[in-house]
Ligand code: APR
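Next up: a single chain in structure tokens, the form predicted on its own.
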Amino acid sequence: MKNKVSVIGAGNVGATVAQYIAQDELADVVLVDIIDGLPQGKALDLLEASPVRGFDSIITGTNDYKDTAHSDIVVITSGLARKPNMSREDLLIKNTEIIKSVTEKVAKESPNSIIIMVTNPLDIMTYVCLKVSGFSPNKVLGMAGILDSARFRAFVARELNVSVADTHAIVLGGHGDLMVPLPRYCTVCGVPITELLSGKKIDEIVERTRKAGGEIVAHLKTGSAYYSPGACATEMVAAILKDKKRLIPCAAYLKGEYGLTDVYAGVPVILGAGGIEKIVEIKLTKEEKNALHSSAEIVKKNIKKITI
């Protein structure tokens, strides 16, 4: 039996996730949206591309959550997107209501699924999903650290004129302006970038990584990133479906790790068939730990602003 992945939200991010999953033949895909015709049209368009791209995954578009029943993984992308001068926190109240409704339907139809949250403000929406679904924390995770790390890696590769395949990075904390890139854990073929770049240049890359989402929004003006979030969500799907045991930074629910409790934050995890199979605690300097706690504190403050 083929794997089944449902993608909630047929906007740019959701459609891109569906495209990548289908092209990689990871699973059959159900694309869901409240707008009649939108998921059906995009699913049909993707299906008609399959003979050319050479994939046999089936893509179905629907407005009915019953079609998502028994999904192995559900990727949630629905919600309002950021607009220029809009912070992730500005999205808080409206997207909380959307995610509560979506999660209730997902949990009813696929009670054994693993949920990957993509909707912003991501750490808070993942927390909402956990509380509403009643799922185990290892089965509700957010696509945060992997995207922030990918952006960090891309900027480093371009600065050093090396392949992105040889770059590795870890970004911790909330998926926002207070995320915590860790330059000493960023390497090129095992060589720390602290040995390859000046402190000033590293600081510039760190700051650009923190503002990367906003930089894209400023260019697009009427939307936000979708190729890179889509790719990162798909990498998480692949790690779970293939039981890859990948060490990937994701938004995970912390229960004392890193000195944090009852909050989601981007941390390194082992990602496999069980979802988050282990949270990996790496050694942090006092400054790095303080930055992580400051980032998590912002998430906690925003959680207090919503009703779950």
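Counting begins at 1, following the sequence as shown. Computed from a prediction, not measured in an experiment: that's the story for all the values here.
We do not show the form predicted in complex with the ligand, though everything after this point is about it.
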Asp28 versus the ligand, in the predicted complex: is there a non-hydrogen atom within 4.5 Å? no
In the predicted complex, does Ile58 come within 4.5 Å of the ligand, counting heavy atoms only? no
Given that the partner is absent here, does Leu80 sit within 4.5 Å of the ligand in the predicted complex, heavy atoms only? yes
With heavy atoms only and a cut-off of 4.5 Å, decide whether Ser294 touches the ligand in the predicted complex. no
Based on heavy atom distances of 4.5 Å or less, which listed stretch (67-75, 199-207, 160-168, 115-123) is in contact with the ligand in the predicted complex? 115-123
Within 4.5 Å of the ligand in the predicted complex, heavy atoms considered, which of Thr187, Ser224, Ser110, Thr234? Ser224
Of Ile193, Ile98, Leu130, Ala150, the only residue with a heavy atom within 4.5 Å of the ligand in the predicted complex is Ile98
